[in-house]
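Just the one chain here, laid out as structure tokens, in the form predicted on its own.
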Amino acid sequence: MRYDVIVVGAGPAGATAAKFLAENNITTLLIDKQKYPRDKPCGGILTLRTLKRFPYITDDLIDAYSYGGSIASSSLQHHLQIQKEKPIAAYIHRKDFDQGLVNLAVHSGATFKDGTTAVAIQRTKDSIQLRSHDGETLESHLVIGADGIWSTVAKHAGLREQNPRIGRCLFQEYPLESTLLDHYFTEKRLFQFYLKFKGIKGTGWVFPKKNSVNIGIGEIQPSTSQQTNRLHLKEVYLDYLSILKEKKLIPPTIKIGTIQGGVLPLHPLEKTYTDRVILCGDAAGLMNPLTGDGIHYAMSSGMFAAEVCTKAVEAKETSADFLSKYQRLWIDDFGEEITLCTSILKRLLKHDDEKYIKLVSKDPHLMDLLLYMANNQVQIHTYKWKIIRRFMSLYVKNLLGM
């Protein structure tokens, strides 16, 4: 069959794109190499701005809400405490969340084929052809690549970088009784973040959900071999669990099971479009390098891709020049935010995080400002200077001993 748009990858980016395309009466095929429902390596946390932008994410897709938490320095001596009367984040299970988004896309009119792997794409003058693993040829006017960091679409479209900078993470989801979760994390399900644990260039997290806790640690990949890095990170992860148990920050009954791993992009691709092709989510390298949040960018980029592809189909214009509007949309929306967070991350990893945490903990209003930025669509440029002014004021007061 021939479609207007084929979306490759049915995660949050692809499912969102398919939903909006189908609602615009664009004949849409959504495919994924996995059989659904499937799980996905992820901490499973959403910012509130994601819920505000996509109000169809209802409580049946949310596992629990968090009302705050703590951010600890690498020595665990200094903490930023955050606790609010209203939720500041939502926890999800990717298996349920992604299936729910796919169901919404299908309900809107998209066709879904799981267990279908895209192995090659070829662009012609009149269409783009996608070949699946079973030899089937699928044809469309446009293809949206939402197929992850090692995107087949990006590779065959000539957009994937040769040696991308990536991050690696290890984590496990531990089932726990709700009463035990209440005891350690309260009914407000307070999260924990740990900066540069044992000197790694990254963060650790503890996300308590309704009946489980997601515990993980991630780092920017050093310039060693992938195998050496993987072994090193596993050792750090095991030490991480032991220390959290020793300090009674997590239940001592937690036992090591099958540790899962994931790979994360650390910066956007230089170009996220070409003739007849648009890339979204991880395939485009869209992730917050500071917090690890990729779902908001994935869904937002999927929405923007659907908007531009709808106009392209209606105008019968599928050139790279026309599709370049897509990149301008996501850059205007969250491009500066990625740049700012990359800069902050570099400073945290390069300098003494103890001083930063100790300093920021003295100004609760600065944390409120950061939370507001994280949970609302704001003009980053304006808020960036507000944060810098508050931080510099703190720094000067600290130097003067005030």
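Model, not experiment: these values are computed from the prediction. Note that residue numbering begins at 1 and tracks the sequence as displayed.
Missing here is the form predicted together with a small molecule; even so, the following discussion is about that form.
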What I'd like checked is whether 69, 82 and 358 together line the small molecule in the predicted complex, meaning each has a non-hydrogen atom within 4.5 Å of it. no
Could you tell me which of 250 to 258, 322 to 330, 139 to 147, 71 to 79 sits within 4.5 Å of the small molecule in the predicted complex, going by non-hydrogen atoms? 139 to 147
Could you confirm whether residue 34 comes within 4.5 Å of the small molecule in the predicted complex, counting heavy atoms only? yes
Is residue 240 close to the small molecule in the predicted complex, meaning a heavy atom pair under 4.5 Å apart or at it? no
Residue 207 versus the small molecule, in the predicted complex: is there a non-hydrogen atom within 4.5 Å? yes
Under a 4.5 Å heavy atom criterion, is residue 263 part of the interface with the small molecule in the predicted complex? yes
In the predicted complex, the residue from 309, 154, 213, 298 that sits within 4.5 Å of the small molecule by heavy atoms: 298
Heavy atom within 4.5 Å of the small molecule in the predicted complex - the one residue of 268, 292, 100, 202 that qualifies: 292
